[in-house]
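Read the single chain below, which is given as C-alpha cells and is the form predicted alone.
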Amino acid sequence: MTCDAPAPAAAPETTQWRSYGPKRRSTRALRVRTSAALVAATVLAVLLVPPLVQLDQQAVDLAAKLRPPSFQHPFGTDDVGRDLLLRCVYGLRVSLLVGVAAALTATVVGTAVGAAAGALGGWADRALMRVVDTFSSVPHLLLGIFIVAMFRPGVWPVVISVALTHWLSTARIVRAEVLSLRSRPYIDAAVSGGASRWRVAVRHLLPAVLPQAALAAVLMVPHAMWHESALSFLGLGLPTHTASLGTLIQTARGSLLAGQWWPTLFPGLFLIVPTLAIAGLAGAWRERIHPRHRSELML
C-alpha cells in the first residue's frame, strides 16, 4: 500500500512594493513646469498688458458688437463692441487682486486665531474653537452674500467678505500644528528656562507654523477667486462696469442664449486655467513640505 507524499506547503505570500519610476517623476515635473509657466504668463499679462496696450478697455463700438474671434480681435467682442481679450486681462487682474488680498487677510486672521488657541489652551482654546465652529456651520457663499449686502458694491467689500469666510481652515491647521509643537523637547526647555508664553509663541511657535500658513494662503487664492466670481455673477460683488471674470460671465449670459459662445468661453478659461495652475504649484509645494512615500503597497 502506497501513500501519497504530502503536498508541499504553499509559499508564503510576499509583499510586493512598487516604487514610483522615472515616468511618474517626469509626469510630476512636467505638471509643475506647466503650472509654473501658466502662473508666470498670468502675472506677466496682468502686469504688462495694461500699460503696453494703449487701448481703453471701456471703449464702446456698437458697429463691432458681438464679432466672433478674428485676427483683429482674437477673443472677439462683447455686446457693446469692446475687445474681449483686453477685458479678460483686466478682469483677471481684478479677480487675482481680490483673491490674493483675501487669501492674505484670511491667513493672517486664521494664523492669529489658531496660534492663540493652541498656545493659550484651556478655556481660551475652547472659546475660540467654538467661534470657528459657529462660522463653519454657515455656508460660505450664504455668509459672503450677507456680508457683501451690508456694503456698497466694490473691490474691498468683496475682499472682506471672502476673507471673513475663509480663515477657518487656516485657524484649525495652525492650532493643530501648535498643539503638536507644544510637546517638543525644545519648547519644554524654553519654558523651563523661564520664557514667557508670549516669547515662546513669538520665537518658537509662529516661525514653525509659517510654512503651513503660507501654503494655506496659496491654496486659498484659487478658492477666493472662484468665490469672488460667484458673488459678481450673482450681481452682489463688483459693479457691472468693473471688469472682473465674474461680471464678464454674468453679462454674457444673454449672448450665450443667442448662440454667441465666445463672450462666455474665454472669461471662463481665464478663470479656470490660472486657478488650476496655482493649485498645481501649491500641490507641489505641499509634497515638498510633507513628502509622500515614494513607494506604495500592492496587496
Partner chain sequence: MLELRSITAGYTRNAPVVRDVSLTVAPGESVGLLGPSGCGKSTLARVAALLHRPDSGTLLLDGEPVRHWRHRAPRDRRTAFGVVFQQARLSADPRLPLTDLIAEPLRATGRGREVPDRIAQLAPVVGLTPDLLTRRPHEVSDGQLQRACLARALVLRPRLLVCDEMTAMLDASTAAALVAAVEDYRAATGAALLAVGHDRTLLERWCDRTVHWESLS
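Small disclaimer: the values here were computed from a predicted structure and weren't measured. Residue numbers count along the first chain shown, from 1.
Omitted from view is the form predicted in complex with its partner chain, to which the following refers.
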query	finding
Which of 88-96, 69-77, 182-190, 166-174 lines the interface with its partner chain in the predicted complex (heavy atom within 4.5 Å)	182-190
Distance check, R82 to its partner chain in the predicted complex, heavy atom within 4.5 Å	no
is_contact(R130, its partner chain) in the predicted complex, heavy atom dist at most 4.5 Å	no
Contact of H204 with its partner chain in the predicted complex (heavy atom, 4.5 Å)	yes
Close approach of G122 to its partner chain in the predicted complex, 4.5 Å, heavy atom	no
Listed residue that, although its partner chain is not shown, lies within 4.5 Å of it in the predicted complex (heavy atoms), from V200, I145, V113, I160	V200
Contact assignment for its partner chain in the predicted complex, among L104, A195, A213, L219, heavy atom within 4.5 Å	A195
